[in-house]
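Next up: a single chain in structure tokens, the form predicted alone.
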């Protein structure tokens, strides 16, 4: 009986152990290999001596800091704008009106679509040969499609931002909408009877209730955008590019001697992302509490 009781207790951990072990092996195995290569241990080029030389080379290059700023700017803007738009749309969709279920369905439609497909759609829409430029030309708003503002491969990263917004706003918004529908209108009604106006009801009633959901999803968005390279690689300028793209290009270079620098950039990128995420979480909580 004691043996059966013990088996019942460890059955669930044993069932998930293979999957967890595989994830841990792949994640930490890759992290250890990358850390070793960033420190100079790379047998493929007969390098076995551990050194911080590659970190010094990366940190002494101005291109690294330009790429870091570009990465931080895109991640911060995407996260902040996605959060604001998601909250605004969720506040509208929580109300019952004619067609609300249909609009809620449309709002969620972009969630399962891959980012690469979203990037292709944005290019078709906002490039100088895209649908919007041709429509503006047909309407007589511009003299030629080439007069349409450059929104793809621009230094501001407009197409990159639009792609992330189209993908991440529903991701955050659907969580906020679920929270709003779960808490119901009773808290706002109580605040209204106490004389609170619309802004006060949002600031002191709704925002503290939805902030845990906004915080958790926005952290995921920030981490994803900060470490993503596909969209900036496809839609961004070549210089200054984002740090993940710079590391990816160095990693893909046929010259294997650049591999340790690529790994050093990746490790630095990981450390910066962790620090920024911790700081972002604390600042968001402080903003809500005050």
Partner chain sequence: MTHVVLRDLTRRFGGVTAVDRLSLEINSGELVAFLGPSGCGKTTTLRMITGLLLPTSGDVLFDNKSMITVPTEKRGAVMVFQKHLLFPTMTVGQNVGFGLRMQGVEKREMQRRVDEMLELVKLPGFANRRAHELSGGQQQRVALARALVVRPKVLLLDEPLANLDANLRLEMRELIRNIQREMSITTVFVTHDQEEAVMLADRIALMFDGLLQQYAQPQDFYQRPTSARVAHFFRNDNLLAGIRRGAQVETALGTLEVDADRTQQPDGKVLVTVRPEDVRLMPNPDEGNCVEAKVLLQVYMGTHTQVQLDLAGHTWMVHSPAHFQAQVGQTITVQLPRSNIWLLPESAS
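Numbering follows the first chain given and starts at 1. Fair warning: this is a prediction, and the values are worked out from it, not measured in the lab.
The same protein has a further form, the form predicted together with the partner chain, not shown here; the description that follows concerns it.
Look at the stretches 94-102, 79-87, 150-158, 193-201 and give the one with heavy atoms within 4.5 Å of the partner chain in the predicted complex. Selected range: 193-201.
Any of the heavy atoms of residue 171 lying within 4.5 Å of the partner chain in the predicted complex? Judged by the heavy-atom cut-off of 4.5 Å, residue 171 is well away from the partner chain in the predicted complex.
Residue-level contact is defined here as any heavy atom of the residue lying within 4.5 Å of the partner chain in the predicted complex; does residue 187 satisfy this criterion? Taking the distances in the predicted complex, the answer for residue 187 is yes, it comes within 4.5 Å of the partner chain.
I'd like to check something about residue 209: if you look in the predicted complex, is any of its heavy atoms closer than or equal to 4.5 Å to a heavy atom of the partner chain? Yes.
Within a 4.5 Å heavy atom cut-off, is residue 205 in contact with the partner chain in the predicted complex? Looking in the predicted complex, residue contacts with the partner chain include residue 205, since a heavy atom lies within 4.5 Å.
Check each residue of 109-148 against the partner chain in the predicted complex and list those with a heavy atom within 4.5 Å, in sequence order. Residues within 4.5 Å: none in this stretch.
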